[in-house]
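Just the one chain here, laid out as structure tokens, in the form predicted alone.
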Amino acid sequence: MDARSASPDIVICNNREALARDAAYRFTALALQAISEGRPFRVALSGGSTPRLLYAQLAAPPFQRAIDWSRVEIFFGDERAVPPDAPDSNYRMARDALLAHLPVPAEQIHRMPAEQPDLDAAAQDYEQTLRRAFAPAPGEWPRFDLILLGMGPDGHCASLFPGRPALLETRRLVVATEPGLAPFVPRLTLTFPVINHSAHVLFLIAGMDKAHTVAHMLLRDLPADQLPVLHVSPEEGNVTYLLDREAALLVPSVMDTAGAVGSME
């Protein structure tokens, strides 16, 4: 079956902590699957407060001991144009919450070099990093085992913001872009073709400020250039939305309008 015709899985968790624990189980299961098949587990991490809770789970028992971290390869979905030690660096957050506590070889952690003054050159550098790591055949795209994404109240994911040219990119793996909301710090981001060639996309969405955006996302009643999250539709892959109760506040009414839109628990 064409994955683009399949509905995403929707899982509603009681709170952010339950969401993070559910995500940790899913992360671990996918890692164990890849490793058992004799290949590294390649994952793109996300920034944000909800992923931080996930990383804290993964950095502690039982998840820390369940995975052979020497077989894990870490990438990033986006990054702000700040030094890696800056307070708002996605890399710094992931390092402090997760990577500093795990035996992942340093050469298997690929941060985005967004502190470079030439962001276009930095995007090309990270694109080459991806090509070296995945070694796709000519004309093929890298295929992540898992890409973690959040979603902003404006419907952006990674650093793919409404109305920006990056939404329409079809050839590049990584591009430089700017957000549509303050603070206007430039970013590097994976593009939608990369996201849509991944095996699994896992959204972590929490907070009441996301509830209306979640409803529009499920109803698909806005154009994708206004709601970038609608561009996420993996080819031969799966999408799961993990929502806390606040983000899912309007989901029952959406289901009444649109019918069943996924699985809930």
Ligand code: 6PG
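Given the structure is predicted, the values throughout are model-derived calculations rather than measurements. So that there is no doubt, residue numbering starts at 1 and follows the sequence shown.
In what follows, reference is made to the form predicted in complex with this ligand, a form of this protein that is not presented.
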Considering non-hydrogen atoms and a 4.5 Å limit, which listed residue (V174, A114, I147, M151) is close to this ligand in the predicted complex?
M151
Does this ligand, in the predicted complex, lie within 4.5 angstroms of each residue among S46, P51 and R80, using heavy atoms as the measure?
yes
Should K210 be classed as touching this ligand in the predicted complex when contacts are defined as heavy atoms within 4.5 Å?
yes
Spell out, yes or no, whether the shortest heavy atom distance between H156 and this ligand in the predicted complex is within 4.5 Å.
yes
Counting only non-hydrogen atoms, which stretch in 104 to 112, 137 to 145, 157 to 165, 123 to 131 is within 4.5 Å of this ligand in the predicted complex?
157 to 165
Where, within 183 to 199, is there a heavy atom within 4.5 Å of this ligand in the predicted complex? Residue list please.
R187
